[in-house]
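Below you'll find only one chain, the form predicted on its own, shown as structure tokens.
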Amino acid sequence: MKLITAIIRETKLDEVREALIENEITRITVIRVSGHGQQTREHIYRGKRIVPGLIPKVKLEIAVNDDFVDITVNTIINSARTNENGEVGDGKIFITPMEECIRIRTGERGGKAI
């Protein structure tokens, strides 16, 4: 089991979610976050150039069985890219091992609980 965490542009959320659903990945958690990396946006405020410290993004958390890791990652990559080549700020994907998953309602554990 793996936990896939993706940080994407807010404007791409619907497109990514629909693509995941088409690939039978329907259980996701969405969190609004702010951060910065290589992407910067400049604004002119009262004649001064201002670079804000944090840019709004969306964080997706998706717990999957090992068989669904590649499908999930490829779906996110293909639907979250700004264009064919991508752009700075399109986001990142992190894959971490998940030791255990427990469904609270039934007490099921492991892959069945996902």
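If you're wondering where the values come from, they're calculated on a predicted model, not measured in any experiment. For every residue, the number given is its place in the sequence shown, counted from 1.
Separately, the form predicted in complex with a further copy of the same chain exists; it is not shown, and the next lines address it.
- In the predicted complex, no heavy atom of residue 24 sits within 4.5 Å of a further copy of the same chain.
- The closest non-hydrogen atom of residue 65 lies beyond 4.5 Å of a further copy of the same chain in the predicted complex.
- Contacts of stretch 79-104 with a further copy of the same chain in the predicted complex, defined by any heavy atom lying within 4.5 Å, are made by 80, 81, 85, 86, 87, 88, 90, 91, 92, 93, 94, 95, 96, 97, 98, 99, 100, 101, 102, 103, 104, listed in sequence order.
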